[in-house]
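Listed next as structure tokens is one chain, alone, in the form predicted on its own.
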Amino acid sequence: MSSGERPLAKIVVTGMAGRLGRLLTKRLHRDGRYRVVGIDRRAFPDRPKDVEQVMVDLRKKQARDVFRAGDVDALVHMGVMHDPRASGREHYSWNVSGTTQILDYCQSYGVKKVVVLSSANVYGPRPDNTQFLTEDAPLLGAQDFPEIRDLVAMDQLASSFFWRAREIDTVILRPVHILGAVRNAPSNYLRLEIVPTLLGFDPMVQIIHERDVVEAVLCALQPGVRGIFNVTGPGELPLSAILGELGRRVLPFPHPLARPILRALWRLRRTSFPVPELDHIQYVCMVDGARARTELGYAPRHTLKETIRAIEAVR
């Protein structure tokens, strides 16, 4: 770099080796304005050669060393544990304690921008939900789904940090159901050859392409942007329309039988879906994405059909 050139902004990405982390890292690298450093204990063998990865547990003291020099411009925190079979203690330690530590590093070492990837699931699918929930709606996702309690706690931690560390531009993104090569519950559900549904229920669903989530993160990294933003895709449609587009065979279950059957399959390790996931194919949880459009300048680039078909990237 010549003396007249502006140094690259240093961005730390936690969870770099996950599907979204890899997409974001490569997108930032192509942009040319950023120096990317990742924190992830998993390997990322095909990362760009000039992207650095620190292979440590983000809860370990070695993670602090990434920030000690005081030259980190921004943090993108995507290192969230979603494994439904991990213990509650492990989830809490990783998602809550780990997030607390990484946010403390940002405040201690002068990071100017923090972007936390949360989820619209923190609102929770409920029979009494209003049509479109705004960012001010209560986070009720953990009331009937204990496994998401630490995700709600992590979101609340970031919200508290937003008000406490006013010198840092903190952004919390709450995307709707992410579809693509990601190994999350919505994409895994839609990849089933025979898809179980609940008789009498066909909720409206909001979906977003994994690459549109990456674009939302890029928008959040703009200087001066701060706040909480619901991130939506190209629209909403009934669950039956998504399954019809994919040509899936559907197996409807009477609602009173679905929970005991799924509970038995979960105990036998014949399914990766815990019982509370049924709420997502029974009740509505749709959010208002207007704030992200107006304040972030975010707009999805993929159509509904492209978003639905994104799950076939790993088929």
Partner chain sequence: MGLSKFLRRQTERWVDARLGPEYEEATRALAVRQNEYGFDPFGFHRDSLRYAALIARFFYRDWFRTETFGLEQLPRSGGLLLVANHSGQLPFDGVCIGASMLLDAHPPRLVRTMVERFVPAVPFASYLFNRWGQITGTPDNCRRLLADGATILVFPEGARGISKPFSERYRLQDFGLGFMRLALQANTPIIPVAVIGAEEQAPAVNLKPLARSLGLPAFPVVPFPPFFPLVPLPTRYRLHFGAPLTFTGDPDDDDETITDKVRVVKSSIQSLIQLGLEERKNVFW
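Note that the structure is a prediction, hence the values are computed from the model and not measured. Numbering follows the first chain given and starts at 1.
One more form of this protein should be noted, the form predicted together with its partner chain, which is absent from this view; the next part is about it.
Of the residues Arg41, Arg68, His255, Arg263, just one reaches its partner chain in the predicted bound form with a heavy atom at 4.5 Å or closer; this is His255.
Relative to its partner chain in the predicted bound form, residues Thr134, Gly200 and Leu304 are all within 4.5 Å by at least one heavy atom. Contact check for Leu237: a non-hydrogen atom falls within 4.5 Å of its partner chain in the predicted bound form. Within this chain, Met286 lines the site of its partner chain in the predicted bound form, having a heavy atom no more than 4.5 Å away. Its partner chain is not shown here, and in the predicted bound form it never comes within 4.5 Å of any heavy atom of Asn188. Within this chain, Glu193 is remote from the site of its partner chain in the predicted bound form, having no heavy atom within 4.5 Å.
The stretch in contact with its partner chain in the predicted bound form, judged by heavy atoms within 4.5 Å, is 239-247, chosen from 161-169, 239-247, 210-218, 68-76.
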